[in-house]
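Only one chain is given next, in structure tokens, and it is the form predicted alone.
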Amino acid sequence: MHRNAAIGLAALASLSLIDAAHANETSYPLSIDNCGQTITFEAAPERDVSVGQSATEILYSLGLGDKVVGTSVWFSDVLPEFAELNSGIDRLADNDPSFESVVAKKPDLVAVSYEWHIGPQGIVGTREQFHDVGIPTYILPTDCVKDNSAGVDGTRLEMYSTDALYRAIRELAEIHDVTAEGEALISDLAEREAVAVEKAKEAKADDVSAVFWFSSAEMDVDPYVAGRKGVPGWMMEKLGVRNVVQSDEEWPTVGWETIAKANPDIIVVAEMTRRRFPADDVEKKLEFLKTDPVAKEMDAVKAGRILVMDAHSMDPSIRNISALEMLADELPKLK
């Protein structure tokens, strides 16, 4: 048996025990501690609004698409398997929806990816504003372990972990009384995560470094790159890759002179359909790397070691695993 297959089956067997422990019917009323607040459900929600692509795709993956009455905050096209489903659901906004547009959908639950949308200083609204009109809010635990008052996208207090992602899946499944679907999804993702990590170990690519470029407010200013504790930092740590950026901010700005001096072996650039900033366009990123007098001198640019990766996979989401697999596939090429 191939070693990876053996590892995958072992992981699956272990997770099957977890499945059995969690795949029970939900008992209502259900109370859950979420980002410092306790939310209670008397029954499974029938109408969901998602503020954040990650929350949307988790709901879809749990088979809850028929409950979703509105979505918002899109970085990339929806996963292909949900394209038909998603086309029939009202998109409240490509980016930030208004408080009124969310409330108008009369949701039983608002599932939120980021506190900066709905949180203490939420630009859509505070949790209290929604709770005051009888609408519960659930923030993905992936965003609860950050100081969202510091830095543009917040500062990580600890390394991102898929444990928080799996908790989000498990809790949303429990809220909606689809625990078996939640455990099945977690098992699949965890198995693939374990296989990708093993593949990187087998690659034995020593002292490989990387930088992840998400976007830039303007093409001629310092880019938003991945800090050491966000999803890209987690990917690099899992695969034994060194992040040349050491900030705890989720997406700090770092000058190209500093990045060029670090001379990363791989440059990962984000591809997205969002068009909030000029560098959201991946073609503009690639053109910049090839023509900027500082950036074009990096070894990764000269050698063509530029990896185009889905932007949403660089933020907490079920896509983190496909991104981990993609980066693991690159490492054998560097030996």
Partner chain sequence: MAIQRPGRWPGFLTSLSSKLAILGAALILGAAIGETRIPLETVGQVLAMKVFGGSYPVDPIDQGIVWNYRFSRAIVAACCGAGLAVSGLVLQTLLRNVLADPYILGISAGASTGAVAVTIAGIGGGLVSLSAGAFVGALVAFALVIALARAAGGFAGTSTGQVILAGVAGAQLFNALTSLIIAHSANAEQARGIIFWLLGNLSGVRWPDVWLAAPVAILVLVIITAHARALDAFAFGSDAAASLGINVLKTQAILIGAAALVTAVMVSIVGAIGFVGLVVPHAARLLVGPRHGRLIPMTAITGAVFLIFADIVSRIIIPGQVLPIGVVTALVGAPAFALILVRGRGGAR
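Positions refer to the first chain, counted from 1. The shown structure was predicted, so the numbers you read here are calculated from the model rather than taken from an experiment. Rigid core here is just the name for the largest C-alpha set that superposes within 1.5 Å across the two forms.
Although it is not shown, the form predicted in complex with its partner chain is what the next lines describe.
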So which stretch, 80-88, 254-262, 98-106, 131-139, is the one near its partner chain in the model of the complex (non-hydrogen atoms, 4.5 Å)? 254-262
Can you confirm whether Glu218, Glu249 and Asp292, the three residues that make up this candidate site, all sit within 4.5 Å of its partner chain in the model of the complex, judged by heavy atoms? yes
Glu283: touches its partner chain in the model of the complex, heavy atom cutoff 4.5 angstroms: no
Can you tell me if Phe214 lies within 4.5 angstroms of its partner chain in the model of the complex, counting non-hydrogen atoms only? yes
Should Asp94 be counted as a contact of its partner chain in the model of the complex, where contact means heavy atoms within 4.5 Å? no
Whether Asp222 contacts its partner chain in the model of the complex should be assessed with a 4.5 Å heavy atom distance threshold; does it? yes
Give me the residue from Asp33, Asp66, Glu287, Glu297 that has a heavy atom within 4.5 Å of its partner chain in the model of the complex. Glu297
Along 103-127, which positions have a non-hydrogen atom within 4.5 Å of its partner chain in the model of the complex? Trp116
Did Gly63 shift 2 Å or more between this form and the one not shown, C-alpha, core superposed: no
